[in-house]
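One chain is shown next in structure tokens, namely the form predicted alone.
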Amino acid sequence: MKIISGVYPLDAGVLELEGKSVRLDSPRSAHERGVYMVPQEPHVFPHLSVLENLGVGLSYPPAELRERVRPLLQDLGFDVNLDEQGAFLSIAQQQLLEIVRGLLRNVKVLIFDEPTSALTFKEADHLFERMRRLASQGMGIVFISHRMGEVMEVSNRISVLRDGEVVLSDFTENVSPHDLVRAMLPPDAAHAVDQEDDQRPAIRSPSRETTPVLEVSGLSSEAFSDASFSLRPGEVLGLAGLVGSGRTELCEAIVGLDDHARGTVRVRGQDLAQRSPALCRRHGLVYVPEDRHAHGIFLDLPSVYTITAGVLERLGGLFLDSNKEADLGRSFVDSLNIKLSSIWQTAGTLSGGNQQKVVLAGALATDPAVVLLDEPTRGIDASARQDVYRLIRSLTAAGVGVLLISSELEEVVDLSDRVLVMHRGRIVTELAGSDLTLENVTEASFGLLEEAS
């Protein structure tokens, strides 16, 4: 799609618009020929108004632009003050702004890249209605999504790409959601599923009679509802689902980062009513966030500061004992095989894998009973990934309960004793034993399995 929209140059093949061969060597040339791509990640100028953001690249006078924009906003159900600064828009509003930018142009081909990932169901329905009207008026629309129900609902034809190749292409009426899931899986997935028990890492399975270290009951917030589950000592509980299904928001609510969450969280039998990350940490519950740069590490400070930040009260009274701090940092550098010149090396100069290990060390330094790992292997190399897997196995061997979020479904299946699957903000099924297969987790993530628990 980026080649078609002029972002990347064409290396080979032919691109035709209305039967004529064209070469689109920039987004501007694509716009001039009637091709526009609504990107997955919104691009908003924070200090410009919403109207000024919408007018970037267009030559309409402000008054005319305002008149053109209003019906589009109404069609999409996008209630926004056009004079408000872009910096104050939510992620969902930024996504809608990008969609309106595309609709403002007199285009023949409109490409939507994951346009609903940040939208509510009502906003998505408004968008689909608009897409159908545009298609009926002769516009060609490409809709990229990993939400299976949406693809089946709005498309006339479907193509599936896997590893850079089109592996399925047919009219929507000729394929089922299960056909699409199978096309997405690697060719040897069936054999891999048959051999999963032999290939799964040796993680100690906890006894079902063990008292849970974490109990979540009826937890609800804006992004998810009625989440209930338990986690036992020495267990890896996987939390699977598509991006936007509510996985991260659920973890944030568990550790007290969501002030609006309702429900009960118990750690080792104790009810944590007024939760905060500091309170949870004191009770043995720690969270390793998905975005380590934004929320997990002090990039501009020595690496040891991230490792010891959660346990400063143990490293001295009125004054910090720097020798104790250094000893603690070195112990985790050795145990986690962190590659750095010294514990005082600035964290931002480490590789991605070693930065992630530093973040993990900071969590483990608190001697937790429960660890919530949100995408712990995201953006790290194969060697660091294996180190993380070994760490998870060592945690479970020590009786720590691990809640694991990963967008790599094979990873969830391989590492977990049980897997909870979220779809559209709800836990729709629990998979364990012979039911814990890559295909079942994939289908449940797309909402294709009936609720089993």
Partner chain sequence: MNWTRYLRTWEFALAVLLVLEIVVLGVINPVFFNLENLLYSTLDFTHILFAALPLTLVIITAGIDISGVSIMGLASITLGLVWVAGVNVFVALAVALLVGVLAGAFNGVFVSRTDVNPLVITLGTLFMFAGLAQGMPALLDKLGFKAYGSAGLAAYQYEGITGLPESFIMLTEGTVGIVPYPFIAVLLFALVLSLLLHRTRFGRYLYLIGVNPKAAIYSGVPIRRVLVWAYVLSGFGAALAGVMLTSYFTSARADLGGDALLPIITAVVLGGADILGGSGTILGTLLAGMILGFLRQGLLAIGVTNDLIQVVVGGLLISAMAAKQLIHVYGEYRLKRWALSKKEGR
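Residue numbers count along the first chain shown, from 1. Small disclaimer: the values here were computed from a predicted structure and weren't measured.
One more form of this protein, predicted together with the partner chain, exists but is not displayed; see below.
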message = 277, 281 and 297 - do all three of these have some heavy atom no more than 4.5 Å from the partner chain in the predicted bound form?
response = yes
ask   = Even though the partner chain is not shown here, does residue 320 get within 4.5 Å of it in the predicted bound form, heavy atoms only?
value = yes
inquiry  = in the predicted bound form, is there a heavy atom of the partner chain that lies within 4.5 Å of any heavy atom of residue 375, even though the partner is absent here?
reply    = no
inquiry  = Residue-level question: is residue 143 within 4.5 Å of the partner chain in the predicted bound form, judged on heavy atoms?
reply    = no
ask   = Does the 4.5 Å heavy atom contact test between residue 305 and the partner chain in the predicted bound form come out positive?
value = yes
task = Just one of 310-318, 165-173, 263-271, 131-139 has residues with a heavy atom within 4.5 Å of the partner chain in the predicted bound form, so point it out.
result = 310-318
Option touching the partner chain, based on a heavy atom within 4.5 Å in the predicted bound form, out of 151, 104, 109, 301 = 301
task = Work out which of 324, 182, 339, 293 lies within 4.5 Å of the partner chain in the predicted bound form, going by heavy atoms.
result = 293
task = Counting only non-hydrogen atoms and a 4.5 Å cut-off, give the residues of 43-72 close to the partner chain in the predicted bound form.
result = none
